[in-house]
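The data below hold one chain only, encoded as structure tokens and taken in the form predicted alone.
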């Protein structure tokens, strides 16, 4: 009996070690050679909507982020994703346009591997359910003001929406706070690399 118990213990340890290697070490060894954009590289491509945020909500933007530039865009993106995860937005929204059911007609180009190869996609929020629409191509689909109204009272802009409101994205005057601005910046970043803007705003002009 003792011999069997020893065998079972050793086998269990070996299976655990194999599982750890196969599911953790092996993927890392496989993917470590793939170039990954750093946050600094991601933040160099500032979508026009970020400059618009500074123009539309000047007092709030200046208070929380200062001037619209690569540095403040990086800060807003990092906070926006943290809030997105904390509020469990990934539970009802995917970030993965799939090559089935003509999804590209609803959400834009089918997702491809290289667009996930950056620091903002770690962890990746592919999701599994679509209580709400896919957000991988959200950039530019709606205005900043639309997103603000949507966070404040979803059914007001999307009748029948079951999405909850997020009053903690706003101050006591109903103006966006740092979380609210960051979430809109994050929404407008998703898919911005796929857009071909007709114009570009520089320096907040």
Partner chain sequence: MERDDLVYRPLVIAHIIAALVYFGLVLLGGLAYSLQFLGKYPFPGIEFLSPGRVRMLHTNGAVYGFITNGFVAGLYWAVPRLTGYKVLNERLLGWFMFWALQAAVVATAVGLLAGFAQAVEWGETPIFVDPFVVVWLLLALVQFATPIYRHGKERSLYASNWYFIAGLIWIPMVYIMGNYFPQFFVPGIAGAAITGTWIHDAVGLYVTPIGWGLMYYFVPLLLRKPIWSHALSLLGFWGLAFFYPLQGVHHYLWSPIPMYAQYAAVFSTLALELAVVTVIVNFFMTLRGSGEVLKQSIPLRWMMIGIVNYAITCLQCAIQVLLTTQKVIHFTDWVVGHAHLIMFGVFGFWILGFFSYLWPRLMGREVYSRALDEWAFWLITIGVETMWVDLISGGLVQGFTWWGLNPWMDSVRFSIPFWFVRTITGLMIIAGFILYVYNIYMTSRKETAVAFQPQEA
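What you are looking at is a predicted structure, and each value in this text was computed from that prediction instead of being measured. Residue numbers count along the first chain shown, from 1.
The same protein also exists as the form predicted together with its partner chain; that form is not shown, yet it is the one meant from here on.
Mapping the unseen interface onto this chain, residue 125 counts among the residues with a heavy atom inside 4.5 Å of its partner chain in the predicted bound form. Taking the partner from elsewhere, residue 72 is found to have every heavy atom lying beyond 4.5 Å of its partner chain in the predicted bound form.
Though the partner is left out of this view, residue 30 does reach within 4.5 Å of its partner chain in the predicted bound form, counting heavy atoms only. Among heavy atoms of residue 78, none comes within 4.5 Å of its partner chain in the predicted bound form.
Residues of 157 to 181 that come within 4.5 Å of its partner chain in the predicted bound form, judged by any heavy atom, are 158, 159, 160, 161, 162, 163, 164, 166, 167, 168, 179 in sequence order.
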